[in-house]
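Let's start with one chain on its own, the form predicted on its own, as C-alpha cells.
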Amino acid sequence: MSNPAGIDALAFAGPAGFVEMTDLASARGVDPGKYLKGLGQRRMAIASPCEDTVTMAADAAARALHGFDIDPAEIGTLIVGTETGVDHSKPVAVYVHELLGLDQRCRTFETKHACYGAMAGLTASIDWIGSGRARGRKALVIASDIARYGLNTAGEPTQGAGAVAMVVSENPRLLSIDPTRIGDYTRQVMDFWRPLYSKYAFADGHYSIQCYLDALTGARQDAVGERSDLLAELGACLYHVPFVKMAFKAHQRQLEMERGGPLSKDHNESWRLLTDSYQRLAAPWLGLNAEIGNIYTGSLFLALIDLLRQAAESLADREVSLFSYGSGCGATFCIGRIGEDAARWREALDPADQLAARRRLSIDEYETLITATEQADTADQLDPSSYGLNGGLYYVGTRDHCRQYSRS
C-alpha cells in the first residue's frame, strides 16, 4: 500500500463508576458463572446522570490529541458514531467540536447505525483522505455510547458505557487499513432497535447473533473472497463484542468458512483447532471489554486498544482483521497492519490508570444512578459533586430546552 491511511492516535474515556458482575449476580439471585463465564464479563461501567455521550466523547478525544501530540488545528473532519445521541436533530459532534476548540472549517457530523457508526466514520475518513479533500489534514472519529437495558431485564448484565477516539491520517503510527480489502454487508433486519418513544432498546437476542454471523460471512467474502488460509497469516482477529463470548462465536464462523463446514464439540480435533486459534488470535485482546462492558460503537476499537497495549511490539508490521457489526443491520470486515513503531505509544493509549481510579458501586448506588439517569435529560440543574464527580467535563442540566455542560 502506498500512503496508506489509518489510525494515528487512539484513546478511551469512560465513567467514574462500575458494577462488579458478582455483586449484580448476587442481587439478582443468579449463578455468577452465568455472567462471568456465560457472557465473559467481569465488570460493567455505569454512567451517572452527569456523564453522557458528549462528555465521554470530548474526554476521549482530548486524551487522543494530547497523548499523541496532535494539534487540534490539524483536524479537518470530526465524526461521532453513536446510537445514544442527546438530541433527535442536533449531533453530538457539534458539542464536541466546540468543547475541543476545533476550526470552523472542520466538517462535522454524527453517524448512526446501531454499533456500526464508528466504523462507518473510520472508512468514510479513509475515503476522505484518499480523495485528496483532506489536503494534509486529519480526521477525528469518536465512538461514544451508553448501553442501557433497564433494571431486572434480560439485557441488564450486558450494559456498559464509554468512548474511544481515533485520529485518522496518512502514514498512521498505529494501524494502516488496506483500502483494497474492506468488505461491506447490509440487510434490513429487526434484531435490535430503539423506537423514538423508548429510552431502552428492544432486541431479539438469538436472532441478532445469527444476523451478526451472517453479516460476518458476507462482509468477509466481500473483503477477501473465498480464502481458506487467511487466519494462518493474521496476527490477531478483532471483533465487535456486545459481550465477550460473542468473539468466540464470531471466530468459530471464520474458521468454519475456511474449513468449508460447521465445527462441533463432538469432533475433538476440529474443536481443539478452533480453541487454539481463538486463544491465539482473539481471546488475549478482550480484557478491556470484560472490564468495561458493552460500549456499542466502541467495542471493536476497545479490543484494538487492548491489542496495542499488549502486543504492538510483537505484532509490529503484522496484519490483523477487524469486524464491525451494527444491528439493523450493517457490517464491515477489513484488514489492517500494525505500525512498526506502534509500541512507542503504549502509555498514551493504555487506559489502565483510568480504570484503576474508578469506584465500585454498591447495587443500591447503581440502581439509584439508573433511576436518576432516566430523568436527567429534563433536569433543570445537576450537581456532579453529588455523584462523587470532580475535575472533569460534565452535563449539568437543561435550561430553556438547551443542554448545558461545565468543567468542574
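Sequential numbering from 1, following the sequence displayed. Since this is a predicted model, take the numbers as computed values, not measurements.
Form predicted in complex with a small molecule: not shown, discussed below.
Segments offered: 121-129, 308-316, 237-245, 96-104. Contacting the small molecule in the predicted bound form at heavy atom distances within 4.5 Å is 237-245. Contact check for Ala154: a heavy atom falls within 4.5 Å of the small molecule in the predicted bound form. Looking at His206, you'd find a heavy atom of it within 4.5 angstroms of the small molecule in the predicted bound form. Remark: Ala343 does not count among the residues lining the small molecule in the predicted bound form, judged by a heavy atom distance of 4.5 Å or less. Taking the partner from the other structure, the small molecule in the predicted bound form has no heavy atom within 4.5 Å of any heavy atom of Arg360. Checking Asp364, Glu347, Asp31, Asp69 for any heavy atom within 4.5 Å of the small molecule in the predicted bound form turns up a single hit: Asp31. Screening Ala62, Ala376, Leu39, Leu369 for any heavy atom within 4.5 Å of the small molecule in the predicted bound form leaves a single hit, Leu39.
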